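Shown next as structure tokens: one chain only, the form predicted alone.
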Amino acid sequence: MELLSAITEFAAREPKIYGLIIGLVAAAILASVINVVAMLLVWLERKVMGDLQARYGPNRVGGRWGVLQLGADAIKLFTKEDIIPRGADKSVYVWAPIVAVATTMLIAGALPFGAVIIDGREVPLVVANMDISALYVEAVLSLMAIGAFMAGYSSNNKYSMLGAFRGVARMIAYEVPMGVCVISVAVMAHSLNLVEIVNAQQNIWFAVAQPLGFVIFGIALITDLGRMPFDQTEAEEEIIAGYNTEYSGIRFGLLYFQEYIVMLLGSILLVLLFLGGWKGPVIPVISFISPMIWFFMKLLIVLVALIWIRVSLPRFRIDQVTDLGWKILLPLSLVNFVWAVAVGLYFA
């Protein structure tokens, strides 16, 4: 009680410093949780891919389910020698993984991670509840290619450079239709705030109100994440491993885990924009965390769907990817935008 009263007194006396401390603590907790969940996501993908392809997943370390395999892999990566290629741009080479991971943390700060019910009222779990959070997240997503380009450019390797160029071309082709879909959702919800967008789906999900926008956003998201069948940035049979070919040790580990962190955050964004977020019937016994249950159930379905798509579809050529973005998805996203404006004005 004395500690609580001391904290309350300090918060009243120094509100700015108290807010800064709370923000740093929240950011540290958020970063820790996201990295742990991303590690679990790597394990989940291995197991689901093993089941879908009728083969064994990780099962050598940690018993039947291989739950300790990822920890063993992480120790291996963090203890391997860190090699910088001769002729590489050292400063850019060193900073590329840091920029890639920092970008994902900027996204995480504006995403609501569900909600809890306190005194009959939903309290969203978000670090920064911004009025333009949807637009902010879309803008920061477009920065992901910078880390990949830095890695490919600085490695003094033609295959890495080719992977970086492919990443930038893919990003430019798909950020536009993705952005149009985000604006279409905002028009229908009459807000760019992700929390208000979720609240606007109380009666109907935007995946139902905008089925075309949902499909376009899903395809654009998979492409932006660089996952199969749109992983031309690291197409193994063409460019070895793409932009991170020359990386080893902990720097490779950072770039590797960054891909899964972005996969997690992108799936959360899809759930928030089109699948109603944490909206669902209240579960009586656990009403306090009922919204969290619905949120993570939807998130798990999206993650498994992304893994399923990776297992099922072959890789497209880079010219097919850019043609799909510019010639098909962009016009269709504009059609969906007109539909969203018409429906939004009708229900306004």
Partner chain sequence: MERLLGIEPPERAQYIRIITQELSRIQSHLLGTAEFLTLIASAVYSPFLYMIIDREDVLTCIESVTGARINHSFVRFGGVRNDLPDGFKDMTLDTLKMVREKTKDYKELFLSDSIYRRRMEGIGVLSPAEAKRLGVSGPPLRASDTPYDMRREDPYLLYKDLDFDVITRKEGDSKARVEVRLDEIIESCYIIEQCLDQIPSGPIMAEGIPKKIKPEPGEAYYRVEDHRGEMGFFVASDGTDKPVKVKARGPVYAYFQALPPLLEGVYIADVVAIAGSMDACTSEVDR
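Being a predicted model, the structure only gives us computed values, none of them experimental. Numbering follows the first chain given and starts at 1.
Just so it is clear, the following notes concern the form predicted together with the partner chain, a form of the same protein that is not shown.
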> Out of Met228, Val94, Met105, Ile117, which one falls within 4.5 Å of the partner chain in the predicted bound form, going by heavy atoms?
Replying inline: Met228
> Of Met49, Ala27, Val304, Ile293, which one comes within 4.5 Å of the partner chain in the predicted bound form, counting heavy atoms only?
Replying inline: Met49
> Which one of these stretches, 318-326, 29-37, 276-284, 295-303, sits within 4.5 Å of the partner chain in the predicted bound form when only heavy atoms are counted?
Replying inline: 318-326
> Would Met188 count as a contact of the partner chain in the predicted bound form, using a 4.5 angstroms cut-off between non-hydrogen atoms?
Replying inline: no
> Might Val311 be said to contact the partner chain in the predicted bound form, defining contact as any heavy atom within 4.5 Å?
Replying inline: yes
>> Taking the partner chain as it sits in the predicted bound form, is Leu264 near enough to touch it, meaning that at least one heavy atom pair lies within 4.5 angstroms?
In response: no
> Do Ile197 and the partner chain come within 4.5 Å of each other in the predicted bound form, heavy atoms counted?
Replying inline: no
